[in-house]
Structure formats: structure tokens, C-alpha cells
Ligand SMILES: C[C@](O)(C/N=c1\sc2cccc3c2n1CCC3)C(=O)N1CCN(c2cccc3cnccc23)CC1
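Take a look at this single chain, the form predicted alone, given in C-alpha cells.
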Amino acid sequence: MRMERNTCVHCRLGGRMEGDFTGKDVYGKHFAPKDYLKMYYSFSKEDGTQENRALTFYLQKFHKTFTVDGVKGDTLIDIGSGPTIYQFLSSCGSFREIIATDYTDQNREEIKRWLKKDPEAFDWSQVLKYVCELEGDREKWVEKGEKVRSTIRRVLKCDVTQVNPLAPLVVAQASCVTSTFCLDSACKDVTTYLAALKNVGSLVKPGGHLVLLVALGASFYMVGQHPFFCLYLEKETVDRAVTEAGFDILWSEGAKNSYSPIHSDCKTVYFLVAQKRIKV
């Protein structure tokens, strides 16, 4: 996840005491994509685990945003993709190209492994089937997977603590920027979070959209045996950061108790869609 912003992954790894900020070097050494994927994304619609209920919530909200509400455009940039592709399943048909990004080499390699159909890549078939079911035809999941692969054109490094998160590359502002569980793990305090949100928001063109998935009330999440830091955030702080970055919030929704307490102390997962103001 989510971005290593200081590590562009979904949250941050501790390996030390719970509550310690997880630095970029720790993510690079200890964040294991396979452990992360197995723990949070081994999906079955019939499985009643909290992780499954959480993932179902994410998928439904992305479906509403891109399929039902029709958010679309030329380019979508996902900041802090981690090793995941679930966030692209509803948006792949609404944009000409998608740019995936993450701070750590191993997460970017995991995405590339799936794009190349490497036999060692994580199996996203059940998640694909569920999204296709939301769209009305569960049997189109193979076609959906191919659409995602053809739409993800680049997998880049990012660091949300930089004014230009994609530096040294300079890319045109995007129609939409998404970010799932990235800033809450990349930022050590609220001041850093407010600045990082502005950095990410600068990648969106006026009139474009920002879509966030945030862990509220969390201080850690586990990947295998390693604890990773999460910045404790409340809804009001996230809303303030989005507004100060130049966006108007269109809608938001939270889901409580989304994770097993042994995996994360997250209280609420918060989904938000905002539109960048057009200066007159």
C-alpha cells in the first residue's frame, strides 16, 4: 500500500517497537510482498474473515466510482500501489493508460510479475471474478485481467515526501490519481501528511479526481512477523488535508472494524472521492 512515502508501500514496517516510524530502508529490507498479499488479499466471497469483508468494501467503492459514477479520463496515476492490482480492476476501462507506482523495488517487481503472467505471480482470479460479478458478468474475468494488463503502461518509482513524487521524471497532470493505504504509512506525523497530500494532489489536473483509501485510527499493520507503522489519522484530518490541497470532496464512506486485531489496529477504512478545484 499502499507508498513508502517514505516508502511507498501500504503502511510501514517496524521490526522494532510498535509505534516507531518505519523508514524507507526497513521497507526495502523487510517488506515481503508475498506475505502481505497472502495476509490481506487471499480472497473468497464465501470467506467471512474481516480481511475479506474489507476487500469487498474496497472493490465495491471502486466499482461505484469508476463504473457507476463514471469517473474517467486519459491517464490515471496510482500512488503507492504496493504489490497489488485490485485498485485497477474497475478503472481499467475508464482510462487510456494507468501508471502504477511504488517506492520499493520488490513491490514494483511483483506487479511486473503479474503483468508478465509469471507462474510465481499472486493469483488475483477470485478478486477479478468478484469485480466482474459486480459489473454483471462473472465469466468475463479473464478478459478483465487482459484489459488491466494492457492499460497499465508504466510501473514507476515514487516517493510522496518529494514535491514531485515521481522525480526525476516529470509527467503531465493526470485525469485521476488514486492512492490506497500509502500516505498513512509513509508519513511520520500530520505535518508531513498534509505536505504529502499536496505533493500527490499536484499530479492531478484541474477538474480531475483524487481517490483515497485510508486507514483511520491505526498505529500499525503486520506483514508476516513484522509490524509496520501507520500514522494515526481521524476523518477530519484527512478531509482537511484534501481540502487544503485544492480539492472539493464529492463523497466519502467509512467501514468499521475492517481487520483482524492481530493484523492491524485500524478502526475504520475510509474511502474518499474528491475533485480538484478549477481556478477562475
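On a predicted model such as this, the values are computed, not experimentally measured, just so you know. Numbers follow the displayed sequence, beginning with 1.
The same protein also has a form predicted in complex with the named molecule, omitted here; what follows describes it.
Chemist: Given the pose of the named molecule in the predicted complex, superimposed onto this structure around the site, is the binding site open or blocked (3 or more ligand atoms closer than 2.4 Å to backbone or C-beta atoms counts as blocked)?
Modeler: After superposition, the named molecule runs into the main chain and C-betas, so blocked.
Chemist: The chain here is shown without the named molecule. Which stretch in 168-176, 131-139, 76-84, 112-120 comes within 4.5 angstroms of it in the predicted complex, by heavy atom distance?
Modeler: Residues of 76-84 come within 4.5 Å of the partner.
Chemist: In the predicted complex, is there a heavy atom of the named molecule that lies within 4.5 Å of any heavy atom of Ala215, even though the partner is absent here?
Modeler: Residue-level check for Ala215: yes, a contact with the named molecule.
Chemist: Answer for Val160 alone: is it within 4.5 Å of the named molecule in the predicted complex, judged on heavy atom distances?
Modeler: Val160: yes, in contact with the named molecule in the predicted complex.
Chemist: Is the gap between Tyr41 and the named molecule in the predicted complex 4.5 Å or less for some heavy atom pair?
Modeler: Answer yes; at least one heavy atom of Tyr41 falls within 4.5 Å of the named molecule in the predicted complex.
Chemist: Since only the chain is shown here, I'm wondering whether Tyr259 would be in contact with the named molecule in the predicted complex (any heavy atom pair within 4.5 Å).
Modeler: Tyr259: contacts the named molecule in the predicted complex.
Chemist: Output the sequence-ordered list of residues from 148-186 with at least one heavy atom within 4.5 Å of the named molecule in the predicted complex.
Modeler: Stretch hits, in order: Cys158, Asp159, Val160, Thr180, Phe181, Cys182, Ser185, Ala186.
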